[in-house]
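Listed next as C-alpha cells is one chain, alone, in the form predicted on its own.
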C-alpha cells in the first residue's frame, strides 16, 4: 500500500480551536518618587538699639536663623565702621550681660524680629600686648635699680654693686619670675577673649611698674640690711619661691591643654600625672595659690616692707578673680567638685 493510500485511510487531526481572548492582566506601572518638599527658611529681622539712648542704630533684614552673634557684629560693623566687632557689646537687655560671639540667633529667647542693645566697650587692645607690656616693665625697671644707674641713689653709688649676696639672689628671682611670665604669654597662654579695653594697659602698667620700682629701690639701696635670720631664712624662702614657681607653671600647662588652639572651650580642670597639679583636688584656681606662695617666699627672702605690701594687694586682687572663676565653674558645670575652694584650701 503506497503512502497516499495510507494518508487517506488515517483520520485527519483537527486543530484545537484558539482560546477566546480574555481580559488582559493589568501591567504594574512604576511610581515616580515623590519630590521632597524643602522646608521654608524663616529669616530673622534684627534691630540694634543704643543701650543708653534706645535710639535705633541698625536694622538687619533677612538674617539667617543659624547666624551667630559674632556674625551679627560683623554685619553691624559694615554700617558703623567705627565700631569694630571687638569693641561691641551686644545684649538682650540694656543692663544685661554681653552675649557670647558663638551664641546662635535661633537659640536665643527672641522672636523672628529680634531686638538687641549695643554698648561701646571703647578702644581695644590685645591681651598679649598688655601682658608683654606690663611684664617687661618690671623686669627692666628692677634691673635699673640693681645696676644703680645714675639719678637713683647718691652719685657715689652709681654703677656699684651690693655687698649682700641676698640682693643678687633677689634680682635673679625677680628677673626669673617676669621672664617666665613673658615666655608663658608668648607660648603657653590661650586667651578666651582676644582683647581688653585700652585703658586697662595704663592701669595695669601703673600697678606693676610702680610696685617694681618701689620694691627695687629698697632692696637694692646701699643701706639695705639682710634678713634677721640670715642664710637659713634666705634658703628657706628660696625653696618656697622655686617650688611655687614650678607649681604655677605646671598649672598653666594643665589649663592650656584643656583648650584646643583657636577655641573657647571650657572644661573642668582635674589633676594630671604631674604632682604639682594635685592641688586641683582642693582649689579651683591653684595658679593664684602658687603665685601667692611665690611672693610670700620673695617677701621672706628680702624682708622688705614694700614687697610684703605688694604681696597683700596681689592676694586681695587674686582672691577676687578666684572667687569669680569659682562661681563661674559652679554655674556652668553641675558636676563640679564640691570640695574645692577658690584659692586657699578649706579657707577661702
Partner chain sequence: MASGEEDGAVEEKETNNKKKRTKSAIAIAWLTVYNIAMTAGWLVLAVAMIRFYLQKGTHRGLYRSIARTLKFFQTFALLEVGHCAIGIVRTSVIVTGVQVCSRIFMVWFIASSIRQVQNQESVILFLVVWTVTEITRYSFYTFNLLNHLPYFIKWARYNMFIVMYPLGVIGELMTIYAALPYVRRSGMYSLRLPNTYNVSFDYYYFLIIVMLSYIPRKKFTPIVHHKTTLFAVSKIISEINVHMCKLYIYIL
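All values derive from a computational prediction rather than experimental measurement. Numbering follows the first chain given and starts at 1.
A second form of this protein, the form predicted in complex with the partner chain, is not displayed here; the remarks below concern that form.
Looking at heavy atoms inside 4.5 Å, which stretch does the partner chain contact in the predicted bound form, given the options 276 to 284, 302 to 310, 43 to 51, 289 to 297?
The contacting stretch here is 302 to 310.
Should residue 249 be classed as touching the partner chain in the predicted bound form when contacts are defined as heavy atoms within 4.5 Å?
Output for residue 249 is no: heavy atoms all beyond 4.5 Å of the partner chain.
Would residue 168 count as a contact of the partner chain in the predicted bound form, using a 4.5 angstroms cut-off between non-hydrogen atoms?
Contact check for residue 168: no, nothing within 4.5 Å of the partner chain in the predicted bound form.
Heavy atoms within 4.5 Å of the partner chain in the predicted bound form: does residue 224 have any?
It does: once the partner chain is placed as it appears in the predicted bound form, residue 224 has a heavy atom within 4.5 Å of it.
Give a yes/no on whether residue 83 approaches the partner chain to within 4.5 Å in the predicted bound form, heavy atoms considered.
Heavy-atom contact with the partner chain at 4.5 Å: absent for residue 83.
State the residue from 178, 218, 127, 207 whose non-hydrogen atoms include one within 4.5 Å of the partner chain in the predicted bound form.
The residue in contact is 218.
So which of 256, 97, 267, 199 gets a non-hydrogen atom within 4.5 Å of the partner chain in the predicted bound form?
None of the others qualify; the residue that does is 97.
Who in 310 to 337 is close to the partner chain in the predicted bound form, meaning a heavy atom within 4.5 Å?
Counting only heavy atoms within 4.5 Å of the partner chain in the predicted bound form, the contacting residues of 310 to 337 are 324, 325, 327, 328, 331.
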